[in-house]
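What follows are structure tokens for two forms of the same protein chain, given separately as structure 1 and structure 2.
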Structure 1
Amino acid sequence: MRVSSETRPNPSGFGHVLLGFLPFRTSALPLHATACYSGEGPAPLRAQCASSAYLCSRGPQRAGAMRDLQLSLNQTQRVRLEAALHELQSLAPAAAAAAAVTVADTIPVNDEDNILKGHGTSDQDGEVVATLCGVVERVNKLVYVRTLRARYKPEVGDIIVGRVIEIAPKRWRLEINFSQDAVLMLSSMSLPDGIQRRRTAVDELNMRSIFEENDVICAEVRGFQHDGSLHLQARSQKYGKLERGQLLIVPAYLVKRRKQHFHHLERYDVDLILGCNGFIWVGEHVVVGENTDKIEDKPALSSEVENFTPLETRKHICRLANAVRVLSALGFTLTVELIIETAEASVSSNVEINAMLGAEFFVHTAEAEAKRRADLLRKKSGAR
């Protein structure tokens, strides 16, 4: 059961949670999200959770395929959560809220400076009208609507995590949460032998030895071809198959483009990949680059030992994954700092891994975030 995600845009990036808790709200915030609200009646005490843990092939985490976050809040928790969410709402910059539009809203423009109409805008009887829900952005003369909760839209250079769904001649097709499947050509993939050469028919036959169906892989967006199809590339050691970890699927808008999307959390010996498409990988750290060759050179080490992930690491993976789940359920933008912070908080307050998805920690995280943002704001205004 999900509340429609294309509802009222909220610049602070957590509005949908408010919607999720609509039934037990009294009469706070004015909601005029009627146009596209298609919730299936009042939502019961249940947080919308877009994150779903996928079963990963050969992964140690043989978790259930889909898992929604079930929450039952008691009276105190409900009040605390409401207070926290309210504070978050009040902390959101007013300017962003003012620039938020829904479909058919008129975007105020100055007629004199001939504006350039960008995405999500249309001309209606001489007025510029929004055709998407989102925030109006202005760059020089360009006016466009930045959607807040749209499907993933790839840009060149994005790092994405995807799942192989088909092997076609010379290419793999990947599900990446885009409106179409992405294509990874055999030729834009560095071969296991690491030699730069033309791909032969033999290579083509051996494609399954590189990636099979249902493999989770990481790649970079190369660009759109002339026919409009999306091409990926994986010409680097750090791209490729992801094993021994968890794939989490969160709404794509929760991952912002950053300088770094690959993170090696040394403290936990865990790799965290925040795919721009909302696929997040938490897995055991793999050594990339020249070191892998050395490891391959090493004889012995039976495959059993090699495939073994220490219990400690597995626990770390679960803890981080659950942190991501909680944060995405709350609708907070996922940054590596926030994920670590949340995981740390769970450790320091002695919350078991499985209890992390419970109501108490959920409320606790919301409060912590509200406090953090308030501090940040205070610091900022203090600096001014």
Structure 2
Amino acid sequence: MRVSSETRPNPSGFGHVLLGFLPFRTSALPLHATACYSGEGPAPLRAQCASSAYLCSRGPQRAGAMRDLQLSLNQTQRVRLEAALHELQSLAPAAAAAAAVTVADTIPVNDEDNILKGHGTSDQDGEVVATLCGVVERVNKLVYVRTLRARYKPEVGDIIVGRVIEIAPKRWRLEINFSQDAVLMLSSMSLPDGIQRRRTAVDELNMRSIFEENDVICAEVRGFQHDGSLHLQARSQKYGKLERGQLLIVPAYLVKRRKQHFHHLERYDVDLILGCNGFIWVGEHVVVGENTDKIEDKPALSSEVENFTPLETRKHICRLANAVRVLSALGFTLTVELIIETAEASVSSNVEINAMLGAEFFVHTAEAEAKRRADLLRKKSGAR
């Protein structure tokens, strides 16, 4: 049995867990996740996880989406999870909680201000009523409701991760969780030789050798085209094709815009890219820049050696990816610090990689986040 899909957004960072994921009437807890292979376990599990890893890197455009997985919670786990979530709700700022509305909630406004009713609002009996679930936003006299669980709304300069779905003349089309496909022009990216020059007909013929269908790409939003589609650019060496890793798809509102979206986790030798569009990449670290010239002088290695990822690195990738899956299912805002903390908590608790998607670690993560926020609030109160 599936729990109710009704949700009440909460800007405190755990928006959809209170009603959509709490098992009030059943012990089954839906967790959006995909099983990961850690290199150990029975053969059926290895086969299933190996196929999932292949789909993540080369499969259809929706292969990276996490599948529904039912988790059974016993009575003790249900009580612990409810207590943790209620504590998180009590720690939310009063102003943030008041800004969250559901359908038919009244939005307090001052009639003397001659406010403008925007998206997600309606006039009912002289009152401004919300027609969507989300957070009330005010810009001067404009009042509107910003939905949390909506598609990605891009801004110029956003770092995004997408998947190539079509190769057109002088351009690639990418799926980026937007209402329209994004466009990466051949003239808006660095060529493999790294030389800045005009693109020729030969470059256009060799486009498939650069990117082909189902390749995962990192790029930056350059602007909007006249038809509303996105124009991307990938002129820096940090952009381009992503290989030897996992692509995770989470709700876009869980990834906040920050100064840094590229993270090299030196301890794990893993690259973590938090795309503003909700596409997250966890993969083997790739060295760019200063070492590229040295690589050209070395003898060519076989494709198997070049594409080989050490087992220890693969385990780190799977552990970090499962940490993202657990945090996303709980509805916590995804930050590199929280992802690392969740992965390290699984190591310190001797939790196997595949067991991270189990009910016990799910509850443990919610309790740890509630304790972390309570301690942070206590420190702030003590500083005052």
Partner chain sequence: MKPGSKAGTPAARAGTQGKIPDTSSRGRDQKNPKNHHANSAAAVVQQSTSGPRRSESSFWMPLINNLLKKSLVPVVIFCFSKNRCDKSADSMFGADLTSNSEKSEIRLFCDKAFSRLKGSDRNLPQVVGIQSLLRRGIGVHHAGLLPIVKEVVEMLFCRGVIKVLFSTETFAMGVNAPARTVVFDSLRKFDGKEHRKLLPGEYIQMAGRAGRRGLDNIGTVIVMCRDEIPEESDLKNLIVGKPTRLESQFRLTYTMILHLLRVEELKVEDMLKRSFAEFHAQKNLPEKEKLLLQMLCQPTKTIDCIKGEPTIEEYYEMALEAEAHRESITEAIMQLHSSQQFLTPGRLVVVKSKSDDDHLLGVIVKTPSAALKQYIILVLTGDCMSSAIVPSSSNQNEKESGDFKQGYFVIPKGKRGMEDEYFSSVSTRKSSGVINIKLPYKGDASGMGFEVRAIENKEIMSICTSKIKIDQVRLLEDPSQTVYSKTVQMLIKEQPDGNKYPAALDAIKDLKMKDMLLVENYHAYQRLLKKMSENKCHGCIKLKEHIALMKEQKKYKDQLNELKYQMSDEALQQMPEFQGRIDVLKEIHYIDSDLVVQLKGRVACEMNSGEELISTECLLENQLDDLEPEEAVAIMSALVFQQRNTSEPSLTPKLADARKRIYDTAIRLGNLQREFKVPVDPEEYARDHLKFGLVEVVYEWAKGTPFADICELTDVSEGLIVRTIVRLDETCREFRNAASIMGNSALYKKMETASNAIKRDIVFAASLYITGI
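Basically, rigid core = biggest C-alpha set you can superpose within 1.5 Å across the two forms. For clarity, every value in this text was computed on a predicted model and none was experimentally measured. Numbers given to residues start at 1 and step along the sequence of structure 1.
Two forms of the same chain are shown on their own. Structure 2 is the form predicted on its own. Taking the rigid core as fixed, one finds a CA shift for S209 smaller than 2 Å between structures 1 and 2. A displacement of less than 2 angstroms separates the C-alpha positions of S187 between structures 1 and 2, with the rigid core held in common. Core-superposed comparison between structures 1 and 2: the C-alpha position of T313 differs by less than 2 Å. Once the two forms are overlaid on the core, V136 shows a Cα shift of 2.9 Å between structures 1 and 2. Overlaying the rigid core between structures 1 and 2 leaves the Cα of G126 displaced by 8.4 angstrom.
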